[in-house]
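Form predicted alone, single chain, as structure tokens, below.
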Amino acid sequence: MIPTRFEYLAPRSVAGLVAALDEESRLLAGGTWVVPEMGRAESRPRRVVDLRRAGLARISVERSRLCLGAMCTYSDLLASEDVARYAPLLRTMATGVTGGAALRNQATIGGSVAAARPQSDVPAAFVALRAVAVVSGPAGTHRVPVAELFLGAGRTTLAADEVITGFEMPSSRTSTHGYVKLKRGGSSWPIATAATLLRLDDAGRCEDACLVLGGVEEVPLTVDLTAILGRPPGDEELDAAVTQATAALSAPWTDVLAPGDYRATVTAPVARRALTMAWANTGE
């Protein structure tokens, strides 16, 4: 039960969503964060603006770019052949999301990005996929790389009258991927995640590589993998990449799940597992 009164609106267009937003309003997507916070009176918005009627759950492919509506759920990702073909990393991520079927059917990708929770799966995965957020506000619609949205735990660059309506990402059909996460148990939030994409040329040399760590800092941490480019994957390259991941960590994040020094300790093995998974898949 929510102990405070509020106005409820469910606009049927993006323009209606933008018009309803102000400093005292709160967007409602899947509700997995917002409703519990309101129930505990941690959030007391004057107005709740529901996104569910604005038609933002479409999945399509346009010019080899995967386009996802902000209201797509994890179940939508798992059911989509376009996601499986153009961004298989997302299917792997969605398969193991914490919360089981109930959360997969309700939680949304837009809500996860906007919430900017370090322990969530989506932010780091979207950064690894070089996703761009489609953001609408009073001045119109613009696009922002997801990596540039995050300012810290629970903080983004979004203004109070702006809303994420969707995402676009380049095809990763020619890349293999690895995705791993470390959790205390099956129902707990991740302590650390690692998402990686790897593409080899015809000679077996690495021509593109991306590794993004989630949960270890307040925002997704992109690791510079320049040292392994132009070389065939092997133990030396793996060691170099893991060394870079460890060196990149500057401000380990502490929360109730784990202290920062623990996250610093697990950064290397989590990164190694994700890279090993991606490299193993290049032989398929």
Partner chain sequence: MDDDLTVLELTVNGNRRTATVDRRELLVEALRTRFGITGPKIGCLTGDCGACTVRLDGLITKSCLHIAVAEDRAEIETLESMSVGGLTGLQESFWDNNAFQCGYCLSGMLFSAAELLERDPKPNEDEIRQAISGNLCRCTGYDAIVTAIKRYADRGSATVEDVAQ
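Bear in mind that the values here come from a model prediction, so they are computed numbers and not experimental data. Positions refer to the first chain, counted from 1.
Just so it is clear, the following notes concern the form predicted in complex with its partner chain, a form of the same protein that is not shown.
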TODO: Considering only heavy atoms, tell me if Met277 and its partner chain come within 4.5 Å of each other in the predicted bound form.
DONE: no
Open item on the list: Is Asp255 part of the interface with its partner chain in the predicted bound form - any heavy atom within 4.5 Å?
Closed with: no
- [ ] Examine Arg63 and determine whether its closest non-hydrogen atom to its partner chain in the predicted bound form is within 4.5 angstroms.
- [x] no
Open item on the list: I'd like to know whether Ala248 contacts its partner chain in the predicted bound form, with contact meaning heavy atoms within 4.5 angstroms.
Closed with: no
Open item on the list: Please identify the residue among Gly140, Gly100, Gly152, Pro145 with any heavy atom within 4.5 Å of its partner chain in the predicted bound form.
Closed with: Gly100
Open item on the list: Quick check on this chain: which one of Leu28, Val223, Val219, Ile228 has a heavy atom within 4.5 Å of its partner chain in the predicted bound form?
Closed with: Leu28
Task: Stretch from 228 to 236, 28 to 36, 54 to 62, 255 to 263 whose residues place a heavy atom within 4.5 Å of its partner chain in the predicted bound form - done: 28 to 36
TODO: Could you run down 147 to 163 and flag each residue that has a heavy atom within 4.5 Å of its partner chain in the predicted bound form?
DONE: none
